[in-house]
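First, one chain by itself: the form predicted on its own, in structure tokens.
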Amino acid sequence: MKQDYTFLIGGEAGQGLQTIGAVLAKALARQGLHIFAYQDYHSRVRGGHNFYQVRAASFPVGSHLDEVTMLVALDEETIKIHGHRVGEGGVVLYDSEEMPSQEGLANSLPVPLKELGKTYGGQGVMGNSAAAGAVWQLLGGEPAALDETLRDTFSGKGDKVAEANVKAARGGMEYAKKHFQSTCPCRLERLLSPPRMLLTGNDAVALGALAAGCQFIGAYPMSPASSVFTTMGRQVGRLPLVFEQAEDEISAIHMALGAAFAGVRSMVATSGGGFALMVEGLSLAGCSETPLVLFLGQRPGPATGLATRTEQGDLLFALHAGHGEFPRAVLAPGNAGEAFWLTVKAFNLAEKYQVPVFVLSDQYLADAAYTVEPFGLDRVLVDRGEILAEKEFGPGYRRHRLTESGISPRAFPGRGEGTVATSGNEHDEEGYPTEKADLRRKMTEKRLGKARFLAAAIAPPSFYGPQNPQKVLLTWGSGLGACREAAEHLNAGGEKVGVVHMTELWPFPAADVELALAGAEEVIAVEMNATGQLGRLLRQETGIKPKAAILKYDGRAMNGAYVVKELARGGVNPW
């Protein structure tokens, strides 16, 4: 039986809706279903309408749906905003202690959540778990699966708290069983499938960095990047990792550069506003040929913009940031699985070619949770590039020795008899400042020459869909899920639509992109920005101009239905 259900939990910040959503997502994943879950929240601790949406399906999913199967309303505002999204036969479960009766609403089910939380769990706040239990009963889920998930979720607060939440959930189940005889449109059918992990995009980046051997991360808190370094920071003491929450972003990047110069794999995590402060440090990395991974979680700008919303507005910023000319790489995962593996690759590229490498994400991908297959750490390869052995590192060492590839073997201070010197000034082969014209020319050519070899390490875009499509949706990063779903819908209706998805954007793989687009009658750029940045880059690097663009820049993510609707309208031309 095909299963594809969407659960939306809405309320104010501070009501615990994220807990309900996360518990349901984990429990549904344990039933063998594929999960895509994301949260929409205001930039405030309490108040403001927030919601958490969970999509559970019997097939892989990578974006959200507009239609909701079950709406869980913790306040009346949720029904006002999302009530129209409940599909035919859908259910609205609401907190009867927080709002007036909703009897006029079809399939509305009142539940006294605080009372249940207090009666069964001992505290009204455990009404969240009672809500999860009521939902689970309506779905026909196995009680033991929800019990196990709740114990895992609250294990950090002790056995007493965990068991109280289990009891509260059982109370919610009993209440739903006793009072609601109506048939819920979604009934769970457990799937026999291998265990999968449920990870957010940021979880996957953090795990990828740790698997790749990152030993230093510098950061200053800024959404949506913060959970990358908080996740990694929890491993300090268990792994050889230093986490430094610096006083500002300028300090964070320079600390990371110092750690990398000393020989450890290093990274920074930030958002657009924070990266704006790091740009001078980026140029220092380029001049000193110090490898560094930069996680850049995009959100709408300019300035503070929408601090907790999503956008893909920093692609060209990442490509062109920094004064002077020096090579870099830009990678942009499309889901949690790609986030893990591209983060591993970012560290290898940074060290092998001694350049800064971006992992470009956005709030939608950063906070969304995906079910992914176990990564298999035996597949993680660490390539640190050319590093001199201690016995080879003696007097006369030239940190910036001119080579045909532009890559000079690295050595680290204190690990041999030689001296390691570099500078943010133009320098000679030994790393000391110089103003000689011939050396300036040679060093510029040395650094830029690495781009040719770096380009060879960039993977081609992925293609999805029928051969010789009439239309190709060209997208990057988190646009993958929406475009694939749109293409599947259109192809089922008799059209021929393909998707070209780019995860490795710079150096731009021009020949591979031209090959992927060959034969398509129309190329449509699909992006979450206002100016069609990938479309501009495509025209700059290949001469191909997309026929139109489908753009979204209101801070909310696009999905397949949005792409289909805008495609029918013909898109826009921002170029």
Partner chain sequence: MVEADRFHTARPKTWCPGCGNHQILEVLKETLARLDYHPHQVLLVSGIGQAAKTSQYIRTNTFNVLHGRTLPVATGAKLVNPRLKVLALGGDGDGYAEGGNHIIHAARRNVEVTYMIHNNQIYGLTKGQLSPTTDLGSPTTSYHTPSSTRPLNPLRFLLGIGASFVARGFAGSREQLGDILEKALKHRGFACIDILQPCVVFNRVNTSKWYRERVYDVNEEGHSPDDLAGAFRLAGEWGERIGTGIFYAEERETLNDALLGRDAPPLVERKPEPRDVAPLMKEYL
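What you are looking at is a predicted structure, and each value in this text was computed from that prediction instead of being measured. Residue numbers count along the first chain shown, from 1.
The following text describes the form predicted together with the partner chain, which does not appear among the structures shown.
Visitor: From the list 163, 428, 77, 115, which entry has a heavy atom within 4.5 Å of the partner chain in the model of the complex?
Guide: Selected residue: 428.
Visitor: Answer with one of 89, 195, 221, 324: the residue that has a non-hydrogen atom within 4.5 Å of the partner chain in the model of the complex.
Guide: The option sitting close enough to the partner is 195.
Visitor: Between the partner chain and 216, 377 and 419, in the model of the complex, does every residue show a non-hydrogen atom at 4.5 Å or closer?
Guide: Yes, the whole trio is in contact, each within 4.5 Å by some heavy atom.
Visitor: Picking from 409-417, 116-124, 480-488, 464-472, which part of the chain touches the partner chain in the model of the complex when contact means heavy atoms within 4.5 Å?
Guide: Of the options given, it is 409-417.
Visitor: Is residue 308 a contact residue for the partner chain in the model of the complex, using a 4.5 Å heavy atom cut-off?
Guide: The answer is no: residue 308 has no heavy atom within 4.5 Å of the partner chain.
Visitor: Is there any non-hydrogen atom of residue 190 lying within 4.5 Å of the partner chain in the model of the complex?
Guide: Because no heavy atom of residue 190 falls inside 4.5 Å of the partner chain in the model of the complex, the answer is no.
Visitor: Using a 4.5 angstroms cut-off on non-hydrogen atoms, would residue 34 count as touching the partner chain in the model of the complex?
Guide: No - in the model of the complex, heavy atoms of residue 34 and the partner chain never come within 4.5 Å of each other.
Visitor: Looking in the model of the complex, any heavy atom of residue 107 within 4.5 Å of the partner chain?
Guide: So residue 107 does not count as contacting the partner chain.
Visitor: Taking the partner chain as it sits in the model of the complex, which residues of 209-241 have a non-hydrogen atom within 4.5 Å of it? Please list them.
Guide: Read in sequence order, the residues that approach the partner chain (within 4.5 Å, in the model of the complex) are 210, 211, 213, 215, 216, 231, 235, 236, 238, 239, 240, 241.
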